[in-house]
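The form predicted on its own is given below as one chain in structure tokens.
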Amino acid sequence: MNQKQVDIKAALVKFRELLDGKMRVYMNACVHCGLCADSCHYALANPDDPSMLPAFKINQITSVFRRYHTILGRLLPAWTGSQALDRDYADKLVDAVFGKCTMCGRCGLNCSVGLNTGQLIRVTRSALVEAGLVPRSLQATVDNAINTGNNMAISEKEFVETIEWLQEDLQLELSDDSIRFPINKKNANILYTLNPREPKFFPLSISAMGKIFQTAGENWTLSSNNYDVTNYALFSGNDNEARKISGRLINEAKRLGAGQLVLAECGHGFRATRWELANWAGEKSGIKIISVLELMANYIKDGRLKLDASKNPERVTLHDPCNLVRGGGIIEEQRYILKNAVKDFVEMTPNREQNFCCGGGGGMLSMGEYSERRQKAGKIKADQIRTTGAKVVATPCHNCIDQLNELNTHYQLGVKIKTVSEILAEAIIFGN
């Protein structure tokens, strides 16, 4: 847990504050039909553990609701299954909503009464924020973003040097000294964001986008200070911190006079800034926000990129990030790109909105205390990948890439994990 003193009363106050009409309906909606059991990767990977069932987790939350917000729950707590929130039970809730759920939304999609389980889980996380009960490692990731501008705590000097090195490297690769990776350029058509793991660990993702922008003739720029597309406060449940993190990107786009803000391949980052920020801020951003997948698909459609799919001859499958697809509505763009950029594309089953979470969402990758559960729950995804016979797994999300890389090793899948932009860049025909 974080270093804030535990305050159960503050959690109950926040819980009450978040109980609008819709949430009160959700608190009474579950009919215990059991359909969620077949929808949840945690439940499927742990068939002998009832605490992994979404309905079980929801009941842990609604028992607190009944205790404090229903007459019978107050008068007859044992009869109604109501539960007072004390420190011991709060710890159980932490384990349930942070340690056994990625808020992937698949169970809600298949719920017989349309219960939004992911939203209930996040409301509970928000209440636990007020109690000071966010897992320390998750909160540390948020704190890095708040205090340094990115969740990897990369200094501006280190970032600029990395970008300059990548620019020189691409100039050599393409034998073109005019190639630029512009930083803090005013009035560009695009302000492009990054996941900080790219400059830190995955620079090829940045190089791939540099190739794409160069070939498409795009007028683009990066920011040296406000480029972090990720927002782990979406996962912690702290709306104030989430608003601050995503709001920086909007403010930077306006400061630089960019025509639009293009969000890199990050599922939760897209959802946070494109859809949730308006709720956290109470107003629309006033700037056009799109996914880089939409941008790349349009480049292909508009003839700004010439592609040779034979440059990617191996079988490729696609993992759909939960927050991008179920929570963001970006579904067909990545498929359009891959079908034009690879020789042999095959879908997982199920796919699109029904695709299973890889297990790395919900902030799970930052919380080492749950790593064993995370890998075990990821078996569902590993089995999906193995069944396709693919040699390459594409996924437009670095959280997913990190988790899939671990699953690749743990379950000995023998595949390569790549972003969609890396695969597209390989297929580009240069100089014609």
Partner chain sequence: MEIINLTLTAAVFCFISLGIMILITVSKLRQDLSEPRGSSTAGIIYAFTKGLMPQAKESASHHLLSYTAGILFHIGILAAFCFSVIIYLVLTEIAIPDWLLFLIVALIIVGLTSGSGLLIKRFVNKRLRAISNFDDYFSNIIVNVFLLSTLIFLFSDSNAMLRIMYIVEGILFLYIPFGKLRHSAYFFATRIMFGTFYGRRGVLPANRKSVGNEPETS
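Not measured: the values here are computed from a predicted model. Positions refer to the first chain, counted from 1.
Just so you know, the form predicted together with its partner chain exists too; it's not on screen, but the next bit is about it.
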(request) Heavy atom within 4.5 Å of its partner chain in the predicted bound form: which of Pro135, Gly108, Gly149, Pro199 fits that? Just give me the one. (result) Gly108
(request) Work out which of Lys301, Lys186, Lys157, Arg87 lies within 4.5 Å of its partner chain in the predicted bound form, going by heavy atoms. (result) Lys301
(message) Residues Ala29, Asn59 and Arg271 are flagged as a possible site; in the predicted bound form, is every one of them within 4.5 Å of its partner chain by some non-hydrogen atom?
(response) yes
(request) Decide whether Asn240 counts as a contact residue for its partner chain in the predicted bound form under a heavy atom distance cut-off of 4.5 Å. (result) no
(request) Please run the contact check for Pro47 against its partner chain in the predicted bound form: heavy atoms, 4.5 angstroms, yes or no? (result) yes
(message) I'd like to check something about Ala43: if you look in the predicted bound form, is any of its heavy atoms closer than or equal to 4.5 Å to a heavy atom of its partner chain?
(response) yes
(message) Although the partner isn't part of this model, could you tell me whether Asn279 comes within 4.5 Å of its partner chain in the predicted bound form, counting any heavy atom of the residue?
(response) yes
(request) Heavy atoms, 4.5 Å, its partner chain in the predicted bound form: which of 390-398, 361-369, 29-37, 374-382 makes the cut? Say which one. (result) 29-37
(message) With the partner left out here, which residues of 287-311 have a non-hydrogen atom within 4.5 Å of its partner chain in the predicted bound form?
(response) Lys288, Glu294, Ala297, Asn298, Lys301
